[in-house]
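As a starting point, one isolated chain is supplied in structure tokens, in the form predicted on its own.
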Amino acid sequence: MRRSYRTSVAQPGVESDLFGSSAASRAVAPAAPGSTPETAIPVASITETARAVIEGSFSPLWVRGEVSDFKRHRNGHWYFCLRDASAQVRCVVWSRSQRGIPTSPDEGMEVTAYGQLTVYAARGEMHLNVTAMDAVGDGLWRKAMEETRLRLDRDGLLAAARKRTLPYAPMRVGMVTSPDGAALRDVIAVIRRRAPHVSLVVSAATVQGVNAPAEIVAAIQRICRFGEIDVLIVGRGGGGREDLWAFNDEAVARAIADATVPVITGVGHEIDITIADLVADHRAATPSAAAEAAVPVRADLLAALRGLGDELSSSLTDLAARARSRLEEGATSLKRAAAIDAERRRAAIAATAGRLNALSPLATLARGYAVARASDTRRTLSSIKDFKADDLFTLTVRDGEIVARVTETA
């Protein structure tokens, strides 16, 4: 605000002010602050006044320029300049304001920044206090997604080998979404049409805005602790890039990877691809498509079961026939093996009998030998010393026994 001050003009011989008042009646006007050495004002007053003037003159506004001299302070704040061909303005993004910005800009990137023009009173420097930023085009968003994707890829969360197979016939499906959104209504309609026997459990979360990532993570963890679902759908209906950005959040992606059941994502429309889609076990183009992937048509399921029943019956019949054939072949082989074994044993017995017969005393007797035994003890008398005069003994020959008496020995 411009201020006016009364001034005095001196004329020869007469002292009067501009309005002709005499010197005696004129009151001395106070000097304006800073107009004399005696009324000099502090530097802080100048910078504080400059800040008040600039902030009062400029509402928050968007500024376009090229990023230069970007520095990330250890306390988390970002400092940089926005410049064009002829001028530049200093900018700062406080750490508390970075939640709504996808990622930090690159040096030389052309961006549009939204903020309040102000003066840093301690240094007397004008700067733009930035609270929102976007690259010209979608460079800043692409950069943020690529940085997140690379971190997840380094941890192996994008590997195809870790993708889990969806259950063939789930009985209970979980869903993380807004309870008021069209996505939930679409999923309910699809499940009722395809498989009315399947129940749906909803874990509610805000799906857009700065609080959405934390709520989605909490909803995923909550329904996994519930532990009675077979498959989980995470998604929302269509929207702009900013509306879907929560599903590009790294914490959301890691929560999906850590889920205890297979996860299907259905975010936005068919052309929308998010980081959550890359981590999920199955990506569906829309929430309705996610529901179709989660549950088969009941009629198709029953037809498949009937087909499995027919295949099982046919398999059992074939198995019984093959078992019967193997049993008959086994019986024939066993009979043949038994006959061969019996013949081998018979031959062995005959050979043994022949050897035994050759060693038998009867065979010896048949060759003309005789065996003398004592008549009373049946002890074999094998030496001449065993015979005494008048002893009776039995002489065994090939075809009988002879009782004899010793008359003399030679």
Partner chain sequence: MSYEKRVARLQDIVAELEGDGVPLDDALRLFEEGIEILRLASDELTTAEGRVELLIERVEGVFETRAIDD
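Positions refer to the first chain, counted from 1. Everything quoted here is computed from the prediction, not taken from an experiment. C-alpha atoms forming the largest set that superposes within 1.5 Å between two forms make up the rigid core.
As for the form predicted together with its partner chain, it is not shown, yet the points below apply to it.
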Of 261 to 269, 236 to 244, 79 to 87, 319 to 327, the segment with heavy atoms within 4.5 Å of its partner chain in the predicted complex is residues 319 to 327
The listed residue (C91, L140, A255, V198) that reaches within 4.5 Å of its partner chain in the predicted complex by any heavy atom is V198
Answer key, its partner chain contact in the predicted complex at 4.5 Å (heavy atoms) among R164, R172, R151, R72: the residue is R172
Non-hydrogen atom within 4.5 Å of its partner chain in the predicted complex for each of I188, R298 and S315 = yes
Residue contact check: F226 to its partner chain in the predicted complex, 4.5 Å heavy atom | yes
Should I340 be classed as touching its partner chain in the predicted complex when contacts are defined as heavy atoms within 4.5 Å?
-> no
Partner contact for A121 in the predicted complex: its partner chain, 4.5 angstroms, heavy atom = no
Is G156 a contact residue for its partner chain in the predicted complex, using a 4.5 Å heavy atom cut-off?
-> no
Any CA movement of 2 Å or more for E107 between the shown form and the other one, core superposed?
-> no
Has the Cα of E125 moved 2 Å or more between the shown form and the other one, judged after a core fit?
-> no
For E228, state whether the C-alpha moves by 2 Å or more between the shown form and the other one after rigid core superposition.
-> no
